[in-house]
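First, one chain by itself: the form predicted alone, in structure tokens.
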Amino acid sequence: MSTVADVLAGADAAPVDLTGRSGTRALRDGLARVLMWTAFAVAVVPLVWILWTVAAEGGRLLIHSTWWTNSQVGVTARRVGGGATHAIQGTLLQAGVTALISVPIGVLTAVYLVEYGRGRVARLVSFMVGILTGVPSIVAGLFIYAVFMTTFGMQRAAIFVCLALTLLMIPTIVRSTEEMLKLVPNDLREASYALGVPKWKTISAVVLPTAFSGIVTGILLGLARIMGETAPLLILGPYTKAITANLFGGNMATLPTMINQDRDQAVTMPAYDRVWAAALTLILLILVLNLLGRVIGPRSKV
């Protein structure tokens, strides 16, 4: 009968090579690396090309201070000059009001679905959020138009643009916040409950701060989506070359509608330059928002 010492001695005499890989496994690993790098190049090269084109075509106007301080009042398609202050102000104002409406609704809906939601009501809410996620922007604009303009006879205004954009922003916030809340370890919740902390306070003081950076990322994704939308603006908020901050009356300019307005006149070089400059300005605004999110997000601690 062999002893334990004999078994151990035999094991030492013929060690198993756990670090070696077969040729087939190495081939598969190399193939997977090549495929991943190829997919990365396919995704990045067009993105870099688009950004380079927009920067090269639109950068000429952005270096002038008048682009950031003047509007397009009195500027024709063939006239050089003017700026995008009216469009930048309108874009930021509409995005801010939309976020003011969408963020509380979206975050609270996600908290309900993750922390409280059970049964038919939760399934219905989740189903409706899924439907809103796939709704085209023009459908949201037409819905608001049908409700307020056709049914109630109201005049088109920027506030109705914000309502249409809210329908597009809420599902993005709900889905991203929902996923971030699910990533919070249950151990944190259970530890808080064990200390006698109520559930609502556990959510507000433990769960939400833990997922804060991810929630901010979801909000920024929603903002990035609505700031580039054009269809609801064309239907509900006509373009104007003047600077205006009245959401409840009159027209209001935004960068997407400025691009659309000058696009039809882009056969002339001044209008052509303004189209590219407005597109680059919109990209820079979204970039700044994302950088702010990167700075603000990690500052939240439990």
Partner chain sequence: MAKRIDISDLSIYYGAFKAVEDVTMSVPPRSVTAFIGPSGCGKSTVLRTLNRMHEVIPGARVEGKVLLDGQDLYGSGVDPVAVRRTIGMVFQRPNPFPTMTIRDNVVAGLRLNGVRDKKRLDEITEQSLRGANLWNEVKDRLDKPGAGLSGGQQQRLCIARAIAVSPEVLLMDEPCSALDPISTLAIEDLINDLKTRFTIVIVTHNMQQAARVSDQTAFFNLAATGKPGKLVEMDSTSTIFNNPSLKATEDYISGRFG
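Numbering follows the first chain given and starts at 1. Treat the numbers as computed from the prediction; the structure is a model and nothing was measured.
What comes next is about the form predicted together with the partner chain, which is not displayed.
### Query
Though the partner chain is not shown, can you say which of Lys182, Lys201, Arg79, Arg120 has a heavy atom within 4.5 Å of it in the predicted complex?
Result of the distance check: Lys201.
### Query
Heavy atom within 4.5 Å of the partner chain in the predicted complex: which of Leu188, Val139, Met154, Leu92?
None of the others qualify; the residue that does is Leu188.
### Message
Taking the partner chain as it sits in the predicted complex, is Tyr193 in contact with it (heavy atom to heavy atom, 4.5 Å or less)?
### Response
Yes, Tyr193 lies within 4.5 Å of the partner chain in the predicted complex.
#### Entry: Partner contact for Gly228 in the predicted complex: the partner chain, 4.5 angstroms, heavy atom
Answer no; every heavy atom of Gly228 is more than 4.5 Å from the partner chain in the predicted complex.
### Message
Residue-level contact is defined here as any heavy atom of the residue lying within 4.5 Å of the partner chain in the predicted complex; does Gly214 satisfy this criterion?
### Response
Taking the distances in the predicted complex, the answer for Gly214 is no, it never comes within 4.5 Å of the partner chain.
### Query
Might Thr210 be said to contact the partner chain in the predicted complex, defining contact as any heavy atom within 4.5 Å?
Yes, Thr210 sits close enough to the partner chain in the predicted complex that at least one of its heavy atoms falls within 4.5 Å.
### Query
Of 144-152, 172-180, 201-209, 218-226, which is the one stretch near the partner chain in the predicted complex, taking non-hydrogen atoms within 4.5 angstroms as near?
It is the stretch 201-209.
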